[in-house]
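Only one chain is shown below, in structure tokens, and it's the form predicted alone.
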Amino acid sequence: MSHHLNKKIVDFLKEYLDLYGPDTYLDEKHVEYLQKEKPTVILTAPQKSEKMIMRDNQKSQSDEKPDTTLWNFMREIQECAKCPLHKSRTKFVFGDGNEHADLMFIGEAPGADEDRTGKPFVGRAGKLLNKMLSRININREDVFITNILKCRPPNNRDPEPEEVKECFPYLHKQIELIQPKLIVALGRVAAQNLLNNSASLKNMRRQKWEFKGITLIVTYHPAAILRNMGLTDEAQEDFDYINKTYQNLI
């Protein structure tokens, strides 16, 4: 085989790998021919960096969502680099659920499971939230769940004021597009940031507040209940109150 022809084949295979990856489909005759030739040039697919893999995963998640205003907004902001948290995140956690939900849950920030999957409340706390929703006959698929921060803070620390400042406009836009009738703040940190106060969780629970003209109720973060199962009864009472308020609003 001439050097010139060899180069053409190598160039073609490189282009093929760039386009289609390492999987090739050849019939038996071509396989036998290549085996006889014993080519000395070995081609491997280019290795993707960790950041490239993360971008591909994020893109895959984006592609699952329909071409609507809310999900297009997610696509616009999912590469956000406004604060240092983008350097350590695995995935941007926009939120998930019904884009026309009347009921919206807001936590403080993604945890490790959320950072890995790109979806909010999917770990143990998420499973508990699902169970509490089921108890009041509400399906998770019918609500929208998100966090104030869209990236996980290191070691699950509380959000910094500057991080909240950068992410808040995204949350405001989500609320504007979804237009829920009731917002539930999950936990002290989420509630204090949404209501711009420093009140204790005890003093914020079981009453109606307002955020952007929308009724807001405060309850425990599911993770807090997991740390102290003695809060279960109080949390169930909170969800009964949430449900009663919700049914009166829809």
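When you see a residue number, it is the position in the sequence shown, counting from 1. Here the structure is a predicted model, which means the values were calculated and not measured.
This next part talks about the form predicted in complex with uracil, which is not shown.
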| Exactly one of Gly111, Gly118, Gly97, Pro159 has a non-hydrogen atom within 4.5 Å of uracil in the predicted bound form; which residue is it? | Gly111
| task | Using the partner position in the predicted bound form, report whether Arg188 sits within 4.5 Å of uracil, counting heavy atoms only. | result | no
| query | Heavy atoms within 4.5 Å of uracil in the predicted bound form: does His221 have any? | reply | yes
| request: Mind telling me which stretch in 72-80, 103-111, 174-182, 161-169 gets its heavy atoms within 4.5 Å of uracil in the predicted bound form? | output: 103-111
| task | Could you list the residues in 133-162 that come within 4.5 Å of uracil in the predicted bound form, counting only heavy atoms and keeping sequence order? | result | Asn147
